[in-house]
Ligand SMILES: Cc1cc2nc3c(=O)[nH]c(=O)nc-3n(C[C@H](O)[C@H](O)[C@H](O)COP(=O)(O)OP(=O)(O)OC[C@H]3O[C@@H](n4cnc5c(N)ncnc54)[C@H](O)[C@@H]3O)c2cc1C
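Below, in structure tokens: the form predicted alone, a single chain.
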């Protein structure tokens, strides 16, 4: 498939409007948020009020109707400002609203998707458990039938937005003997349900504005309306959401890379050593050139993958097998390269800043801490390589 992409005038206008809003409403709070390690309630409330939590959702379901490309534009701009805000939006939109849009019934969309897209409800997504991280098909949280209802029991960990969410997409095993294909079901669980509680919230190296929570389901009872995508279809629901999340993570990483490279370029041009600006030295020029190459290459990959997802539409049942496989491979490639290249670019930017880049509270130091998790969450890069290799062996280059 050829890689071709260009932004429309409307998309460029959306980028400029989003950039102005984020610089005005989000950038001023990031330093204090990171230092205090607090969820940024006020700035998130403003993002929700502006409709930015429903960017890719069609207007008929309360969203802005800008598709995956518009969503990636926004996350790229948000990534330039702060990774914590990007993670909060991503956990809600990529992992929360995507399953509802793709697999929800009309009733589920009215009840859960519309208020989520309007910013009236915050969503989270819970797959990981104490005994299953990269082995995402090994789900131990149980879903036991009780008439036409279900009783959920188990513990989820590392849930972004877990402390603040109004509704959580929960993966639970309806038949462990069947494994991931047929044995896992996705449920929509409101956090005010009896038996649902938030446990430990992790202290992390980065992403200080996000909650990363343990969720405990102690005989939480839900009705048949909470089953998302059909009984036994949870693993498919989960993986489809992650394909969207991995591309949007790439967009956020792209923004973080561009911000770090811009800061390094400005510093190199204004900082003098031995009577010359740092930018006069070949060693620094080569670092800057490497940054620019990675940023430009990633920009094509991200938006090509996002456009491909838009072209496929939101009905997984209508996707040709080959197009579905290509979408998954593209998402894994974007996620893996974006997370690793962003690490390389931010590390080089810190090196150009010298000792100043190591000082706590500087944008480069914060970006360095925030970036590291991108190689781990939404599927470790080892898992991405496994996904890519298996598809390569199945379909070829």
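The structure presented is a predicted model; accordingly, all values stated were derived computationally and were not measured. Positions refer to the first chain, counted from 1.
Keep in mind the form predicted in complex with this ligand is missing from the figure; the text below concerns it.
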{"query": "Candidate from 134, 144, 181, 270 lying within 4.5 Å of this ligand in the predicted complex - any heavy atom", "finding": "134"}
{"query": "Single option in 102, 319, 196, 158 placed near this ligand in the predicted complex, where near means a heavy atom within 4.5 Å", "finding": "158"}
{"query": "Segment assignment from 54-62, 342-350, 368-376, 41-49: heavy atom within 4.5 Å of this ligand in the predicted complex", "finding": "368-376"}
{"query": "4.5 Å heavy atom contact, residue 327 and this ligand in the predicted complex", "finding": "no"}
{"query": "Interface membership of residue 163, this ligand in the predicted complex, 4.5 Å heavy atom rule", "finding": "no"}
{"query": "In the predicted complex, residue 383 touching this ligand (heavy atom, 4.5 Å)", "finding": "yes"}
{"query": "This ligand contact in the predicted complex: residue 127, any heavy atom under 4.5 Å", "finding": "yes"}
